[in-house]
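In the form predicted on its own, a lone chain appears below as structure tokens.
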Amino acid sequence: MKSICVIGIGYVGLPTAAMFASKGHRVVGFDVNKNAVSALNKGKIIIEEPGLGELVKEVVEKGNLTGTDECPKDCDVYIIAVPTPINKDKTADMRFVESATRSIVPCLEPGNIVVLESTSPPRTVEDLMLPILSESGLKMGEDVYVAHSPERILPGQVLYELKNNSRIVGGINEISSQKVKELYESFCEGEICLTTSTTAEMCKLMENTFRDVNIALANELAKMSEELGVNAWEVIELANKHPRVNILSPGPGVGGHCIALDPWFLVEKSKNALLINQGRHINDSMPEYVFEKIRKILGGFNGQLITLLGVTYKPNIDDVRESPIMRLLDLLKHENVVVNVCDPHANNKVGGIDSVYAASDRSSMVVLCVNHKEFEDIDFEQLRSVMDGNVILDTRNFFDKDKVESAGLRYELLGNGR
């Protein structure tokens, strides 16, 4: 068994650390967030992820996982799982990866393994990390084995996917790839594919870019459908009956720490990322598009109360990072509008109201922004009884139109121009 330091114990690092610890490795979670470290050492977590709390509690109680706010020495493996956000100009902010890499240098010893899990622009390992790690005086690829092995996980199913999904390992040389493959084989039951570090970086970015570009196509379809008088959702349903067509669903934008950011890394690095660039701009435009749709339906803003159902970037999680609904919320607040929010997963992050009906009291319009499962059983007659207005705007094609309208409410659907 190895001693492993996971740098960054957030949405990726903490589940990874827990999985290694569950297989008997001695794991230390290193993070500058003292609240996260304190919670970890108590066997608790500060993020929402099914099954993770129980697993962390188990491995902490066994003594296999601990937290620290200082980079530990005497580890065999250092895994970097810190955020890679973007700057205002859409370039990658690599401060956290750089800082994490520098923190490792005084700790390095011959035989150590260094893995970058953080999603990063192409050539991050080669051009940013290797020069820093070489300051240790050790030879990279001979004394220290270095690779990029990006996560491929879906929030809400992280533990299952860490174990069962295939994984890419891109080493700076063949022996680095092999060493890191053997490391992840301790818990990963999916296929582990070996390649170069830069190829691994490109693979992760293209996986998320593929989805972003296809969502942009669906969002452009929604805009065209409203312009041309058709229902985008009907178009998608019928077009997808073709055996080689799979149009994704439109919505109020794309969020999260992956799909909304990763394509920009390619735009930054390549002058040929033209379609990728346009797709990003289309998806980033959707909060403003929904905002203008709300304005048009209401006939302008004049002190109305509007209720937003859901603010996270996807259903049934608590993550609001890069959420397009947070952008929509900001746009509305800058107008003469009162906004109530109800999100059963993230009310504590936005000062939301627990009850849909309390949040909709005297509301002119209710906007379904995120299709959380808790919104499946809304009583529309009760909702109508507390509202001043009668408009329901569904941005996800989630509500049953007939049920909404039978309660005396007006149903509006993003992408429906009929």
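Predicted, not measured: the structure shown is a model, and the values here were computed from it. Residue indices: 1-based, along the sequence shown.
There is also a form predicted in complex with a small molecule; it is not shown, and the following applies to it.
Since the chain is shown here on its own, which stretch among 290-298, 256-264, 193-201, 131-139 would lie within 4.5 Å of the small molecule in the model of the complex, judged by heavy atoms?
Stretch 256-264 is the one.
Within 4.5 Å of the small molecule in the model of the complex, all of Q304, V367 and L383 (non-hydrogen atom):
Judged in the model of the complex, none of Q304, V367 and L383 sits within 4.5 Å of the small molecule.
Between K181, R327, K269, R152, only one gets a heavy atom within 4.5 angstroms of the small molecule in the model of the complex; which residue is that?
The residue in contact is R152.
Which of E207, E189, E174, E234 has a heavy atom within 4.5 Å of the small molecule in the model of the complex?
Looking at the other structure, the residue within range turns out to be E207.
Is Y145 close to the small molecule in the model of the complex, meaning a heavy atom pair under 4.5 Å apart or at it?
Flag for Y145 set to no.
How about S249 - does it come within 4.5 Å of the small molecule in the model of the complex, if we only consider non-hydrogen atoms?
Judged by the heavy-atom cut-off of 4.5 Å, S249 is in contact with the small molecule in the model of the complex.
Should H345 be counted as a contact of the small molecule in the model of the complex, where contact means heavy atoms within 4.5 Å?
Answer no; every heavy atom of H345 is more than 4.5 Å from the small molecule in the model of the complex.
Is H25 one of the residues lying within 4.5 Å of the small molecule in the model of the complex, judged by heavy atom distances?
Judged by the heavy-atom cut-off of 4.5 Å, H25 is well away from the small molecule in the model of the complex.
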